[in-house]
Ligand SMILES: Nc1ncnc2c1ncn2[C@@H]1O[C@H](COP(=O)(O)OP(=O)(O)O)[C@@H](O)[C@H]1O
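Below you will find one chain, with nothing else, as structure tokens; this is the form predicted alone, and questions on how it binds or moves follow later.
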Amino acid sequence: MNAILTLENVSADLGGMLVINDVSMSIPVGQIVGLIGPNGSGKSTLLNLIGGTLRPLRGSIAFDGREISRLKPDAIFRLGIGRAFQDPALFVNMSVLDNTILPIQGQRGETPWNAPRRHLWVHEEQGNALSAQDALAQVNLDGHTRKLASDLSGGQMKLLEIARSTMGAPRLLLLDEPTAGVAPRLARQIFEQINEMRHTLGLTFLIVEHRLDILFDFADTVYVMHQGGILMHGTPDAVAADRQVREVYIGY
């Protein structure tokens, strides 16, 4: 199966301390790939390396065959890698709809020259609003378009962050604990929506998640991190049955 993202022998340090150590992984097109491990094992740091907010000390990160390890985050975003954070980075005093429209690339009305000339961009803006409504419907937020983002529940904010991340035409989405702080029923609904987007939008997902019972129901492959490295990877069943994983992660 073709890989959309590959990491080869990636290492990184923070303040002189090695926090990612010789990590290699391959993310196949169209899969949901889980990334698990104890707190402090390097999961979020690895997402930061892929997203460009950190640079590796050594090693290669390639997206669709192109080296991206030295690119800036905005360039990586334009190539097709989206990101949703553990704490949703929303504009809380803007509407749900406006939050969703923001990531659309190349909006004509954003330039100083075109902004005063409404006739140049009004139809594009209307089309963007329709696209944003479709994205919100994908995560069951289409009834909340006019609400302020601050009026959403914690779980709905997570869904808005995911919907917004699809508006930059990504091919790969990096999700950092999409169900953290969310009630169990909504947590499962979030993963059901992720799975639906995988099929309807053709997306690939790399997901950091601590709720293993839910993740393992949806993931195709799971990577286990420990002390900055990859302990093992495999199917959810293989990972759950591995003695080393139980010892370092579950504690028995």
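Note that residue numbering begins at 1 and tracks the sequence as displayed. Model, not experiment: these values are computed from the prediction.
Missing here is the form predicted in complex with this ligand; even so, the following discussion is about that form.
The stretch from 214 to 222, 181 to 189, 40 to 48, 199 to 207 that comes within 4.5 Å of this ligand in the model of the complex, counting heavy atoms only, is 40 to 48. Proximity of V19 to this ligand in the model of the complex: non-hydrogen atoms within 4.5 Å are present. Taking non-hydrogen atoms only, L14 approaches this ligand to within 4.5 angstroms in the model of the complex.
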